[in-house]
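First comes one chain, alone, set out as structure tokens in the form predicted on its own.
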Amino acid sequence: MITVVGSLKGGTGKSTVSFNLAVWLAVHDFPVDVYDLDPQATLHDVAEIREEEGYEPTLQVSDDLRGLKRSRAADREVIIDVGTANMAGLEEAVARADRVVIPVPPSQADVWSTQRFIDIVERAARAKKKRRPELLAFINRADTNPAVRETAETQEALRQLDGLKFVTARLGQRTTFRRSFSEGLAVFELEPRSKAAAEMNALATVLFSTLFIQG
């Protein structure tokens, strides 16, 4: 399956999510290919750190989709990190994707941004004369204080967007995500018993549940 992790805005955490999902798949012995089409090349950087530190399994990250064939993706998982800073790359990724996963921070501005991103994905699919991939969104960097209502309000707003499937698993605003990423580790590698690790495991399990059924 080809999964694009994308968003309209920068700073939504898509590279961190892409990296953690890719490592999660590799750790569970699922073959995974990783593509970084973001001009910032953050996935390339973290994969290099991981390799330099000798962490296993390593991730091989490419920035060229020309080698990606759907026949190859039939027995492998593919993670593509891309945003609208690379529109050509986004269009190519959407043309190949089975689904687009959108991390959404809890704010009204990010809901509006998600709606516009859905429109961009739909136009990109039409431009390539391809079917529109499945669109999924989840709350990223959720408020950890239950008294703050923005997360619940954002969740409700996302549920109302046409053409979008809302994933209830969420990731909180936790320093473990930033710290582990800077060290070339997934959160469940750095702090296996942390809340961040539990959240990422829950999200990955939801997104890749069919792999366990097939297995």
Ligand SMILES: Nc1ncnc2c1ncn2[C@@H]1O[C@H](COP(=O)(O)OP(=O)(O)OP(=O)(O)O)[C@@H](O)[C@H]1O
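Note that the coordinates shown come from a computational prediction; the quantities given were computed from them, not determined experimentally. Sequential numbering from 1, following the sequence displayed.
Although it is not shown, the form predicted in complex with the ligand is what the next lines describe.
Quiz item: Ok, His44, Arg178, Lys165, His28: which has a heavy atom sitting within 4.5 Å of the ligand in the model of the complex?
Solution: Exactly one listed residue reaches within 4.5 Å, namely Arg178.
Exercise. Give a yes or no for Gln40: in the model of the complex, does one of its heavy atoms lie within 4.5 Å of a heavy atom belonging to the ligand?
Key: Answer yes; at least one heavy atom of Gln40 falls within 4.5 Å of the ligand in the model of the complex.
Quiz prompt | Leu171, heavy atom within 4.5 angstroms of the ligand in the model of the complex | solution = Heavy-atom contact with the ligand at 4.5 Å: present for Leu171.
Quiz item: For Gly11, is any heavy atom within 4.5 Å of the ligand in the model of the complex, or not?
Solution: Within the cut-off, so yes.
Quiz item: Would Asn140 show up as a contact with the ligand in the model of the complex if we use heavy atoms at 4.5 Å?
Solution: Heavy-atom contact with the ligand at 4.5 Å: present for Asn140.
Practice problem: Have a look at 110-118, 124-132, 90-98, 140-148 and name the one stretch with heavy atoms inside 4.5 Å of the ligand in the model of the complex. | Solution: Going by heavy atoms within 4.5 Å, the stretch is 140-148.
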